[in-house]
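Only one chain comes next, encoded as structure tokens, the form predicted alone.
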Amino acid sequence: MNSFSITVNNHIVSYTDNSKYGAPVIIFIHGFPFNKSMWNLQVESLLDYYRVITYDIRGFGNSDTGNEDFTIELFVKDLVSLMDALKIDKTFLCGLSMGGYIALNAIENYAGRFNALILSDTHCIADTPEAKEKRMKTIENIRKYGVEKYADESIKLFFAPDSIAERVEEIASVREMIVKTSEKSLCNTLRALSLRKETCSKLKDINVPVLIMVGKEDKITPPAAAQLMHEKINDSSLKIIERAGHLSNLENPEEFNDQLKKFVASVDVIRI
């Protein structure tokens, strides 16, 4: 997949743009602490019919960090600035985990820019005091023991037990994404995640089609969190992905892609 770079919002963004002239646009936002390559199987599945864009959030993959403190609001500004730079007026938006936090904040503040949302393995609540404390402890451990130890411990949480036994290539790929991320970016993003605002109270205002997907064995943002969002978003669809944990798009890409394609095809979008 061809990668490009562009300067938007005072930092360099690395992105892929698999263009199909005149087709609706789909932008994928990766989770923490990954990068745009986590979406490769989804891009391959969609690129014959859509203009598919993936990008590295600042501080991840090949995007630089810029000079501002990381916040979800800053990540949203980066997203919208990228859309403006690429002359994208409206898009489908698919976010996993942290990507879902960004997507929910984006639809709240820039509702007219999105045709539909796909929210995967994410939730709408803010961090509890206990969750904040856990993130601060993680920052402390990363600084003390290093990124590689953090990567090895995280993988146990990200993947379902069967995936750990069977998805050897995917696990190796995810581990590489994590260890290639700087300690500074990991710690700055953990702090940003701990300070994010809840979006649950705004879900009732969403008036575009929404697909919610979650791995049946997701321990980080479990099916109950997806069900909560489903109940609050009018006419949303909820799909539980079998044989998957927190990285449902990698653990069961066949089912994930099937649900994604059905949903996107069902949304009536004016082609330009």
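Quick caveat: nothing in here was measured; it's all calculated off a predicted structure. Throughout, we count residues from 1 along the sequence that is shown.
Note that the form predicted together with D-malate isn't included here; everything after this is about it.
*Asks:* Counting only non-hydrogen atoms, which stretch in 176-184, 83-91, 140-148, 96-104 is within 4.5 Å of D-malate in the model of the complex?
*Replies:* Every other range fails; the passing one is 96-104.
*Asks:* According to a 4.5 angstroms non-hydrogen atom cut-off, is F159 in contact with D-malate in the model of the complex?
*Replies:* Taking the distances in the model of the complex, the answer for F159 is no, it never comes within 4.5 Å of D-malate.
*Asks:* Answer with yes or no whether L193 is in contact with D-malate in the model of the complex, where contact means some heavy atom within 4.5 Å.
*Replies:* Contact check for L193: yes, within 4.5 Å of D-malate in the model of the complex.
*Asks:* Could you tell me if L228 has a non-hydrogen atom within 4.5 Å of D-malate in the model of the complex?
*Replies:* Heavy-atom contact with D-malate at 4.5 Å: absent for L228.
*Asks:* Indicate whether L238 is a 4.5 Å heavy atom neighbour of D-malate in the model of the complex.
*Replies:* No.
*Asks:* Considering R113, K202, K197, R135, which brings a non-hydrogen atom within 4.5 Å of D-malate in the model of the complex?
*Replies:* Of the listed residues, the single hit is R135.
*Asks:* Is D-malate in the model of the complex near all of L46, Y49 and P253, within 4.5 Å of a heavy atom of each?
*Replies:* Per the other structure, none of L46, Y49 and P253 touch D-malate.
*Asks:* Go through 21-42 residue by residue and record those having a heavy atom within 4.5 Å of D-malate in the model of the complex; state none if no residue qualifies.
*Replies:* Residues within 4.5 Å: G31, F32, F34.
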